[in-house]
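One chain comes next, on its own, written out as structure tokens in the form predicted on its own.
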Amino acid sequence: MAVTHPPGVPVVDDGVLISTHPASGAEVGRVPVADEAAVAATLARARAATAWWVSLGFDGRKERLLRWRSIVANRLAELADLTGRETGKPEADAIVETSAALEHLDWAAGNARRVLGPHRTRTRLLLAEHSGHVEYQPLGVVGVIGPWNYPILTPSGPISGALAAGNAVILKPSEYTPMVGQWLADTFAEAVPEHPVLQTVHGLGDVGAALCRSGVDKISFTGSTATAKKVMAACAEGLVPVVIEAGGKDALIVDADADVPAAAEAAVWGAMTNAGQTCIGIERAYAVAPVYDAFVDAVVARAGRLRVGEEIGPITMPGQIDVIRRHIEDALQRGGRAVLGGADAVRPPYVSPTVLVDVPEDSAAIREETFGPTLTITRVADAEEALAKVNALPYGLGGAVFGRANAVRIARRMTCGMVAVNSTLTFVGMSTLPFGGVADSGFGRIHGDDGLREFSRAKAITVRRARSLLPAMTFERTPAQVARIARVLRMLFGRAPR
């Protein structure tokens, strides 16, 4: 007889974390909960493994990371099934999520040497007798605190960058998705059986706090802005650096020359994929007056065809349903209209696609992260008004623009870390681009060159190769030499630009 529990609610029983399906409550799996001693022991094993991992060099690490990539790709169906059972997301969504994770893993493994390998810098005249060199050294052990909404892709970014840079990693998966996190660590151990270079610790928030205070060399956190502040406070006690990917309230601007059907299709994908449980999801849209009505009609038509229970899965975290309900009800009570869905759309554990119009800009549905399959659409006079409304919020994660003549210029003026032009969310899948936000959405970057450097420390080395022509940095310099230095400075820097 199958064991069932309260749907989606993490259960801790006698030192064991029990993961359940968010809709049925069926048990997915069990993992041991780590206490402070267990976290410390995990860190000790990681420290011991680091020296070996570093000694492999870029090529040795690349070979093993690509071996892990192949294991994950060949067991894609297994991972997609596990992810579906633990998060409720459709199989297709889990496959797409994994595809992006594999892309980032493959890129990090293949590009670490180019980005982080030692290189020589150009020498300037004042120190012409020296050569300058930069190398990027691993930090040591990186702690990764992952989310539940994308338990494969989101932690895979910092994990891939940190491992390729030469660090060992301790992953603390969300208590809602521990089995996916453990699966990643177990398959890595198949590819790299020699030492525990990637390990997991499981539990609730107190385990994440213990990891922050354990003595790791950096923390990469993905989650809400409120929790991010707690992570930073805990890390500050030991001056542990952090990279934070926090909440978002991403916006789409639809300009007058946009391809309206394409914009509507992308808006529905950006807002409704993964049941709207996407940090970079499109939660609000601003359409200029000439295309507003057509855009609303097209969004409603496309979103209205989505099948709840098939294309739209359950809300993974039960407590989020109350937030979604509150946002919809607040919008309606304050004069907004539901042109699709509405108050009746919330039927736990599912929420049907909901499109709201005429919603006040100071309402919860506009200003707070909803994390559900909802979208507000606001009519604006032009792109300038849209930009003012988009940039008025403290969040600054991602965004999107649809248009032709001015789309890129509009994108550059959005206060956020990433923008997709004539698409939505696509920057997350492009392994060459950095991923991260500004303001209340966090700081630091994963993915791309910046993501590799995020998990290393730059080290500068100068090598003297000849006698000094301008001996400035010595007590042996003569007045004549100082006068010569002064003449050179005037020659180099004294002429004003014309």
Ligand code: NDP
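All residue numbers refer to positions in the sequence shown, first residue = 1. What you see is a predicted model; the values in this text were computed from it and never measured.
There is another form of this protein, the form predicted together with the ligand, and it is not shown here; the text below is about that form.
Query raised in the report: Does residue 175 make contact with the ligand in the predicted bound form, using a 4.5 Å heavy atom cut-off?
Result: The answer is yes: residue 175 has a heavy atom within 4.5 Å of the ligand.
Report task. Answer yes if any heavy atom of residue 148 is within 4.5 Å of a heavy atom of the ligand in the predicted bound form; otherwise answer no. Result -> The answer is yes: residue 148 has a heavy atom within 4.5 Å of the ligand.
Requested in this report: Determine whether any heavy atom of residue 371 comes within 4.5 Å of a heavy atom of the ligand in the predicted bound form, and answer yes or no.
Outcome: Residue 371 belongs to the contact set for the ligand.
Query raised in the report: residue 245: heavy atom within 4.5 Å of the ligand in the predicted bound form?
Result: Close contact exists here: in the predicted bound form, residue 245 approaches the ligand to within 4.5 Å, heavy atoms only.
Query - Residue stretch of 134-142, 199-207, 91-99, 372-380 approaching the ligand in the predicted bound form, non-hydrogen atom distance within 4.5 Å - result: Stretch 199-207 is the one.
Query raised in the report: If you check in the predicted bound form, do 68, 74 and 160 all have a non-hydrogen atom within 4.5 Å of the ligand?
Result: No: no residue has a heavy atom within 4.5 Å of the partner.
Report task. Name the residue from 365, 263, 212, 152 that puts a heavy atom within 4.5 Å of the ligand in the predicted bound form. Result -> The option sitting close enough to the partner is 212.
Query raised in the report: Can you pick the one in 422, 391, 111, 224 that has a heavy atom within 4.5 Å of the ligand in the predicted bound form?
Result: Answer to the contact question: 224.
Query raised in the report: Within 431-470, which residues have a heavy atom closer than or equal to 4.5 Å from the ligand in the predicted bound form?
Result: Just 435.
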